[in-house]
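Given as structure tokens, the chain that follows is alone and in the form predicted on its own.
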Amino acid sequence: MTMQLRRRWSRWWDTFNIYHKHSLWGLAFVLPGVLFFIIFAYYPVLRAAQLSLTDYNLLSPPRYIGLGNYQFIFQEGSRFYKALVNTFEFVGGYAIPMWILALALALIFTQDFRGRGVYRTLYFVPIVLSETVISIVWRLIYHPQGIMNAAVAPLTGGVKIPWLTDSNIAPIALIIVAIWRVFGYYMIIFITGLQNIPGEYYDAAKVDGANRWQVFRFVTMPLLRPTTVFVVVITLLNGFQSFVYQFLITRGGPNDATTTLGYLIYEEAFPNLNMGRAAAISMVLFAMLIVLTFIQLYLLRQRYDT
């Protein structure tokens, strides 16, 4: 009996050693990635949370003031509320049309026709370009003597549209730029999702007499939901963090019409040297993005489960 227990214990110990060695090898391979995220992702977040509780102007040591920065940004008449509204308007105006356009083009480009690959490439090219280059080019396009006014001149009777100097038009101008750059990228993602749907489902729907709309609603969209979740989450996260277009094209103007939370963080941090206040705004934005992501995933998962 004692001999059997020793053998069992020996086997268990050998199994533990093998598993332990495998775990150490796995940890060794994962450790560089973990360290990267700790140093370049988690530490900056914790540091920003700490700075948000201080008065810090880069010229003198941080001075602890508690929730003073948060009280300032949330007080009545603060630029934070204007930037928050602008951010939501930008995200709504950019994301929803982009989803529709990208999905519509994906449905078209899953069909077989001549030149399909060429058109896919042409639509995809803008995402390869730098946002800085795109911003400079579109600033020239929106110039009063630029291509855009020349293109719409027959419709406006030659009247030049103040694309970047009108508070009502400038946000729309930036939304156009944002959509133009990314819709081809998300079109490719939707195409990949559509191509992964087994053709047997479409054959069964046709046998049941479903028309195109019914096939799209009851076959394509439910099976495309994982891809849709990815596109929705990524586009909204990117939209809320938009900064480059507001910085390079309009500088947040005119009259703060295009000042988003991302641009307001930059303004408070560098031109105004209010690092603590900028950190507080960034923490509010971070919390918003976390909550928004969980809400989206929860709602979309609920629909998927039902």
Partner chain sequence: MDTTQELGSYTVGRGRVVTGASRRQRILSALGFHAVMMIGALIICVPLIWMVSSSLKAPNRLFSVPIEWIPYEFRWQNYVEAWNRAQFARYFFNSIYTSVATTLLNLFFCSLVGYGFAKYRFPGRNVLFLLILATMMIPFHVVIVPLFILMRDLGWLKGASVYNALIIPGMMSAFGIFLMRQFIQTLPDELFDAARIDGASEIGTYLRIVLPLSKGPLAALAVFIFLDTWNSLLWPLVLTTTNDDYRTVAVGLTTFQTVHGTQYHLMMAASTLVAIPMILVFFVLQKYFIRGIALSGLKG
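Quick caveat: nothing in here was measured; it's all calculated off a predicted structure. Positions refer to the first chain, counted from 1.
If you look for the form predicted together with its partner chain, you will not find it shown, but the lines that follow are about it.
> My question is simply whether Tyr64 lines the interface with its partner chain in the predicted complex - judged by any non-hydrogen atom within 4.5 Å.
Tyr64: no contact with its partner chain in the predicted complex.
> Wondering, does Asp208 line up within 4.5 Å of its partner chain in the predicted complex on heavy atoms?
Looking in the predicted complex, residue contacts with its partner chain do not include Asp208, since no heavy atom lies within 4.5 Å.
> Please determine whether Gln75 contacts its partner chain in the predicted complex, using a 4.5 Å cut-off between heavy atoms.
Residue-level check for Gln75: no, no contact with its partner chain.
> Hey, in the predicted complex, does Asn196 get a heavy atom within 4.5 angstroms of its partner chain?
Asn196: yes, in contact with its partner chain in the predicted complex.
> So its partner chain isn't shown here. In the predicted complex, which residue out of Phe218, Tyr201, Trp180, Tyr81 has a non-hydrogen atom within 4.5 Å of it?
The residue in contact is Trp180.
> In the predicted complex, which of the stretches 88-96, 165-173, 115-123, 67-75 has residues with heavy atoms within 4.5 Å of its partner chain?
Result of the contact check: 115-123.
> Which residues in 186-218 have a heavy atom within 4.5 Å of its partner chain in the predicted complex?
Those in contact are Ile188, Ile189, Ile191, Thr192, Gln195, Asn196, Arg212.
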